[in-house]
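Shown below, as structure tokens, is a lone chain in the form predicted on its own; questions about how it binds or moves come after it.
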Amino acid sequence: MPPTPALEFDSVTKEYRTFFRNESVRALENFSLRVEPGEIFGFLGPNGAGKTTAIHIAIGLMFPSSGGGRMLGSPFGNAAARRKVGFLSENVALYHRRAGKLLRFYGELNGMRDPELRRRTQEMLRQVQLEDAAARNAGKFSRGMLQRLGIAQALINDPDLVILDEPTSALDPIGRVQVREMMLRARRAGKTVFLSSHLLSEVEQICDRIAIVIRGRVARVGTIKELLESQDRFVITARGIDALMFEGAQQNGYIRITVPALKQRATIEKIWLAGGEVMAVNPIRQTLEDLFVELAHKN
């Protein structure tokens, strides 16, 4: 049997009704997605695509208009399952309490007790580099410090599933690297990380799979390689031929010829007939930004 998904949406539709005009706005439409255990899953989409709505439905902050899903094997909103989940919202808002006591508070909400809670609190403060600020009131923190404390509260209960909505938005480059390392550590420990982010380079570096959401629907889902390698056009690298016979870029005795898929075989045969040698044939690889913009404009 296949493993139980860490997170699964099954034909979820969510409609909001406007207060003044009594009109409906559809944030999600027949939205289906499966996140496997032990992977870092990237969740991408332009503003207003429905990403935050999907996350809030999964953790039980709102209910779908139709459809449903499961999180860690339990229906969305299940209290016992939520204790195994860590969540960081896009806009971090924490109680105005001392940072150390605040982390203990969130751990207690998840059923943690000493001595494990004490050990875990100290460990998380150290990981987000807030040990020296443990006695300071979080209400006095800078935005970057507040973001790091928010990440610590999402991980305090050593969750099986971590849902992070723009976790590095307020962090400097060093902080982003540290958060990236924390996500990779979580994956090595068998945890699942669900990452919603607008930082495409970050997603491309660490995610095993990604989904791109456009207007409440999943427009594309797959591994980075599957999504970015086009099968429509190829680059043929050859040598030992007259460059005038082919349109391509020359460098160090090699020529790189870009052809559509339907002309790939004919171009290779032409190179052979001209006495040349084919060194490589590779599909053209888009950037994640190219794919993102293409889908946003197409749908």
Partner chain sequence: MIPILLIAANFVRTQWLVVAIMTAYLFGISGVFAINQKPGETIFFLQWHSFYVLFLAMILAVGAIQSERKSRRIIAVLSKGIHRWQYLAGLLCGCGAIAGLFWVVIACAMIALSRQQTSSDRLGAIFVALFCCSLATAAVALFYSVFLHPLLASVAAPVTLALPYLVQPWNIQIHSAWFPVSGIFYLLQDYQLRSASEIWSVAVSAIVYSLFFLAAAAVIFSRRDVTTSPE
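Residue numbers count along the first chain shown, from 1. All of these numbers come straight from a predicted model, not from anything done at the bench.
There is also a form predicted together with the partner chain; it is not shown, and the following applies to it.
Residue Leu109 is the only one of Leu109, Ala134, Ala170, Leu184 with a heavy atom lying within 4.5 Å of the partner chain in the predicted bound form. With the partner omitted here, the residue from Glu123, Asp208, Asp158, Glu90 that has a non-hydrogen atom within 4.5 angstroms of the partner chain in the predicted bound form is Glu90. If you check the partner chain in the predicted bound form, you find a heavy atom from every one of Lys14, Leu61 and Leu94 within 4.5 Å.
The shortest heavy atom separation between Gly50 and the partner chain in the predicted bound form is within 4.5 Å. Contact annotation for Ala79: at least one heavy atom lies within 4.5 Å of the partner chain in the predicted bound form. Contact annotation: Arg217 falls outside 4.5 Å of the partner chain in the predicted bound form, judged by heavy atom distances. Of the heavy atoms in Arg113, some are within 4.5 Å of the partner chain in the predicted bound form. Partner proximity in the predicted bound form, defined as non-hydrogen atoms within 4.5 angstroms of the partner chain, places exactly one of 141 to 149, 123 to 131, 94 to 102, 185 to 193 at the interface: 94 to 102.
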